[in-house]
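Starting off, we have a lone chain in the form predicted on its own, written out as structure tokens.
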């Protein structure tokens, strides 16, 4: 019987684990990977105490901090969380864990591009992480699909290694709110923004050679070797959807303590209904949720 199971090992989950270790709780942190979407951030300039470092660098700092407390992430995929009397069963593809409380910080996953050829060419020129896969396209022409901050961040990463970066934006103008990021991208001579562009098909032979899109009722083609998709994220909340209240975005509804509608389950990070989906905000959420879970477990006895 664990005091707390932490689900997810991004900024929120790792911070929660560090707090749990410091409180000498009997806990596990379980996640299919370590770092979450922080790994995908090309440049982080607003994480207090660190500046001008990549997401990969920041995750390495997280790992060093966990090592100080001998925290090991169980790299397993969670399939479901179920209630058992006053406790919970956390099921993975390998094991089942019984716990008095749960901190869910499993974040979000990229929204998939649903056009002809997208599934076929995933991993063969179509990617969802510019930081991870960008170096494979050095000197090539690529397109970023999307118009928000994540699309702009991807473009900024790709500018540094590719020959040309097109941004296919569905709306009349870019929707990114980070003005500093937008200015960096738009001042580059390598970038061309195409607004009112709806993606229609990714095509190629063995690998991607181009993309078709529709603009003003006309079908057009871009000859590119890489397609990077940045059209938003889906919250990873299905594993608790039968236990906690979700809003219409499938985000977990929490109060100011991180508590959900289910006593004993707390939530932190990008999958909550709180505004501000950033690593530093997720880390703060993780500490708050863990402290609330600790108080719950202490009272429960």
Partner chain sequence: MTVKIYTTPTCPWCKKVKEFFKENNIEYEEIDVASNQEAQKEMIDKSGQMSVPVIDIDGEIIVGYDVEKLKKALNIGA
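Small disclaimer: the values here were computed from a predicted structure and weren't measured. Numbering follows the first chain given and starts at 1.
Not on display, but discussed next: the form predicted in complex with its partner chain.
Colleague: Determine which one of 109-117, 209-217, 137-145, 79-87 lies within 4.5 Å of its partner chain in the predicted complex, judging by heavy atom distances; exactly one does.
Modeller: Only one stretch passes the 4.5 Å heavy-atom test: 137-145.
Colleague: Are any of the heavy atoms in residue 194 no more than 4.5 Å from a heavy atom of its partner chain in the predicted complex?
Modeller: Residue 194: no, not in contact with its partner chain in the predicted complex.
Colleague: Evaluate residue 132 for contact with its partner chain in the predicted complex, applying a 4.5 angstroms cut-off between non-hydrogen atoms, and reply yes or no.
Modeller: Yes, contact at 4.5 Å.
Colleague: Quick one: is residue 95 in contact with its partner chain in the predicted complex, heavy atoms, 4.5 Å cut-off?
Modeller: No.
Colleague: How about residue 122: is it within 4.5 Å of its partner chain in the predicted complex, going by heavy atoms?
Modeller: The answer is yes: residue 122 has a heavy atom within 4.5 Å of its partner chain.
Colleague: Counting any non-hydrogen atom inside 4.5 Å, which residue from 255, 64, 242, 33 sits next to its partner chain in the predicted complex?
Modeller: Going through each option in turn, the one that passes is 33.
Colleague: Using a 4.5 Å cut on heavy atoms, which of 53, 274, 39, 246 is close to its partner chain in the predicted complex?
Modeller: Checking each option against its partner chain in the predicted complex, the one that comes within 4.5 Å is 39.
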